[in-house]
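Given as structure tokens, the chain that follows is alone and in the form predicted alone.
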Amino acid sequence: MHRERPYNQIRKTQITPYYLEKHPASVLIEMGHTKVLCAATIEEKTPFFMKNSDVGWITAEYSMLPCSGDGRNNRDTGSHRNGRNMEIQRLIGRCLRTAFNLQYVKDLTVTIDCDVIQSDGGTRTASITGAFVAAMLAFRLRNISSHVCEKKIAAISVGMVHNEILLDLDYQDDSQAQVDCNIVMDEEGRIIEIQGTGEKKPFTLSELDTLLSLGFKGIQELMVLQEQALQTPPPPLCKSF
């Protein structure tokens, strides 16, 4: 099946802030048919390994709802934790901790729950992009200094399909990808994390440069949407944290 978008175009993307009425530090991010609900919670405690520390903690949880994709997958609970989900939530947490100054959340733990409602590729990158906005909403509702944000971050996938370099892979693209990369960057194009593999063929340094440049283009577009979401005024009677 032929891809309908140009190689350098992201999927139609919408970021809806204050998505949950009872939990306003929440965002629904939709990238094509992929939909992820990101909700931030701030608790007055820190993990045991942060005892007597001058900084707080930011972490994430990631899961795919049982019917988010084709068929049904089991819920990720108890001792039956899905290794892929655990790897992705660690990725989200790592990336968020680079974006924020943890001294401003001293004695606090910020948890971002990222739940995939519908999956069509790029769920981890959509989660990172949405989680950043959810965290920012939580900090604003908690009246935490704006200096808590040290850098804006977003994430996107790039890859090579049928020897063509593509931006923002959906499931159809990803299933045929010769090269598959997930890229997290800040607003200056500095790399926070790259997850890349030559699944069906190795790729050159020149191709990697092209992938990174294309990824940064997509990330800049996502950051415009992030800022639009953050400029949206809170709903009436929106409760603070």
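This structure is a prediction, so every number in the text was calculated from the model and none was measured. The first residue of the shown sequence is 1; numbering continues from there.
Below, we refer to the form predicted in complex with a further copy of the same chain, which is not included among the displayed structures.
- Among Gln176, Thr41, Ser53, Thr46, the residue placing a heavy atom within 4.5 Å of a further copy of the same chain in the predicted complex is Thr41.
- Distance criterion of 4.5 Å from any heavy atom to a further copy of the same chain in the predicted complex singles out Arg90 from the list His162, Lys106, Arg90, His147.
- In the predicted complex, a further copy of the same chain lies farther than 4.5 Å from every heavy atom of Asn101.
- The closest non-hydrogen atom of His23 lies within 4.5 Å of a further copy of the same chain in the predicted complex.
- a further copy of the same chain in the predicted complex is not approached by Val27, whose heavy atoms all lie more than 4.5 angstroms from it.
- Using a 4.5 angstroms limit between non-hydrogen atoms, Ile117 touches a further copy of the same chain in the predicted complex.
- Taking a further copy of the same chain as positioned in the predicted complex, the residues of 48-63 that bring a heavy atom within 4.5 Å of it are, in sequence order, Glu61, Ser63.
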